[in-house]
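Given as structure tokens, the chain that follows is alone and in the form predicted on its own.
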């Protein structure tokens, strides 16, 4: 199968590209690393994909390249995993709103237009959305309930979903995955667990926005990769929306206590005001994913944090040895005392 992965230099996208290649698929990895929120991190990941067998890299800005170039990228594709976009609630206000509309809405509209006009039958297009479309949850969020976006980023994802559902009506077999608080190896430096772990390892106070009681359905990246690849091959109703998240909603304070236990270091917290548009709680109803994909999140928070911590330690070891950034996780044998050994193979990920 030929799989096009957009956003392949990113946290989730790089994992999906590598996992698809390991499964024997022909992978076309597409990204514009310079437009990332973390260009240096994206460039490191992009360079690593160059050496992965079965992956062809194409540097392209989906919102800017000629439409015929997009058509050529999708030519012969069996599936497209569309992970490219501008993430982040906090950076989507003010000038950031134009960026999220360009990189999320415009880029998706152009990609789906090329899928519609594919020279043979349109490819399956798996589109990444976000749990932020729900707003703050009072209970498990179900896919058919009304959405309440509370930021420009969340509004852009609502529009992305509408574009995907409209494309399904035009004959493109689309699937929308609403992803919940993904974490793990290769997480971007601006994301919470990355910031928390680095601060603890540096013996610095951990920067926390708000009082720490906000809750998230933290979902380890390997579980997200597995669900994403299942969505490329499983027979599904066109335009279906599926939550991909851990069913437990956990407070940031609890997550910090787990990081403290795993590192064996006390965590000092440095608080700042809650971010504008940051929801109080995300909570995933996962019955549809179980019914349609046979999927459930299989990674506990302790095991997932242990994998992410190992990745941070591996990067530091590589830098100390002068052997480069070390973006891949270290062997399980180097996990810190008390950390659960786990499968590292799928956890080398946007």
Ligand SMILES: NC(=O)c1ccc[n+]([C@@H]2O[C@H](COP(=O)([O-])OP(=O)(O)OC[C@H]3O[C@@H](n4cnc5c(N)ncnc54)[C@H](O)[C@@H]3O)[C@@H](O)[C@H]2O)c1
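Keep in mind that this is a model prediction, so the values were computed, not measured. Positions refer to the first chain, counted from 1.
If you look for the form predicted together with this ligand, you will not find it shown, but the lines that follow are about it.
- Of the candidates 309, 289, 62, 27, 62 is the one whose heavy atoms come within 4.5 Å of this ligand in the model of the complex; the others do not.
- In summary, among the residues 284, 297, 305, 32, the only one with a non-hydrogen atom within 4.5 Å of this ligand in the model of the complex is 32.
- The chain is drawn here without this ligand; in the model of the complex, the stretch among 235-243, 203-211, 268-276, 182-190 whose residues come within 4.5 Å of it by any heavy atom is 182-190.
- Put simply, residue 196 is far from this ligand in the model of the complex: not one heavy atom of it is within 4.5 Å.
- Residue contact check for residue 128: one or more of its heavy atoms lie within 4.5 Å of this ligand in the model of the complex.
- Taking the partner from elsewhere, residue 103 is found to have a heavy atom lying within 4.5 Å of this ligand in the model of the complex.
- This ligand in the model of the complex is approached by residue 153, whose closest heavy atom lies within 4.5 angstroms of it.
- Contact check for 7, 83 and 157: all three have a heavy atom within 4.5 Å of this ligand in the model of the complex.
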